[in-house]
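Single chain ahead, written as structure tokens, the form predicted alone.
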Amino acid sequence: MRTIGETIKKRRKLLSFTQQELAGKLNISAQAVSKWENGAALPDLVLMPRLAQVLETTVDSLLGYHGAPVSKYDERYQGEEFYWGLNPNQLCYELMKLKPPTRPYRVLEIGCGEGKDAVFLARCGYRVKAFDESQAGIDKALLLAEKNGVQVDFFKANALDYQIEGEYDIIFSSGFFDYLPDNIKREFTSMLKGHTVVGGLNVINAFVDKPFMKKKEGQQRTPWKSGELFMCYHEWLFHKCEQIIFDCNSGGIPHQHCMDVLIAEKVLE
């Protein structure tokens, strides 16, 4: 489990604060912040609520409890119908061709939504762990797994706070990567790579910013630049490295998206 100091450091960098800037917001010395991050001292208990507020997180998250705040997707997932449908992502079939379930390969899905891909992979024989920040999504995912008679380790977590433990044969993420803040994209992909076994796969898609495509009003995503995702995996073996443009009608407004799609394998150096 990540220490309080490690969590403070990660949140500080996420918000692009220097130690001096964080200290100024808390009316303490930069040396105190440095001691927290180095594990030489802990924040005073009375300072924790203000510290959590400045770092835009919760006291629970600072202490290592990885629950997430209410997700904007909770409302979308409230109905009986599955917001994203039940058909698995095409990437599920592609990863199966590369690493067929001849044994129960360990899969971690980041941003699983209502669980359709995780349940599909579990039905095929993979050992799946999956999380999302939406409790409504996790609740439906658990019901879907029960209906299909499979076991999936579903849990609620915020990917920006969650610390991956152990190694996986496959790390899968569809629709989450474009919510990563720019300043931690490389750090986040490095974490995934470090928790992938040699011969394992990272299967990822991410929306790409194109100047000729109008952004939706109120968009919270931070799209990647063309090829940026691929560069994060430049030393891995690429099985798929593709950019696609597709039509979308979400929100009732016809528009287009551009997406980079990657399937990369970790190989021995």
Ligand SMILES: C[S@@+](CC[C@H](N)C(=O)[O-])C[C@H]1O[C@@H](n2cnc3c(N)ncnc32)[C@H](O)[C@@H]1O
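Small disclaimer: the values here were computed from a predicted structure and weren't measured. All residue numbers refer to positions in the sequence shown, first residue = 1.
FYI, the form predicted in complex with the ligand isn't displayed, but the following is about it.
Contact check for G113, N158 and S174: all three have a heavy atom within 4.5 Å of the ligand in the predicted bound form. Annotated contact segment (heavy atom within 4.5 Å of the ligand in the predicted bound form): 150 to 158, selected among 120 to 128, 150 to 158, 99 to 107, 163 to 171. Of the heavy atoms in T196, none are within 4.5 Å of the ligand in the predicted bound form.
Contact annotation for 122 to 136: residues with any non-hydrogen atom within 4.5 angstroms of the ligand in the predicted bound form are F131, D132, E133, S134, listed in sequence order.
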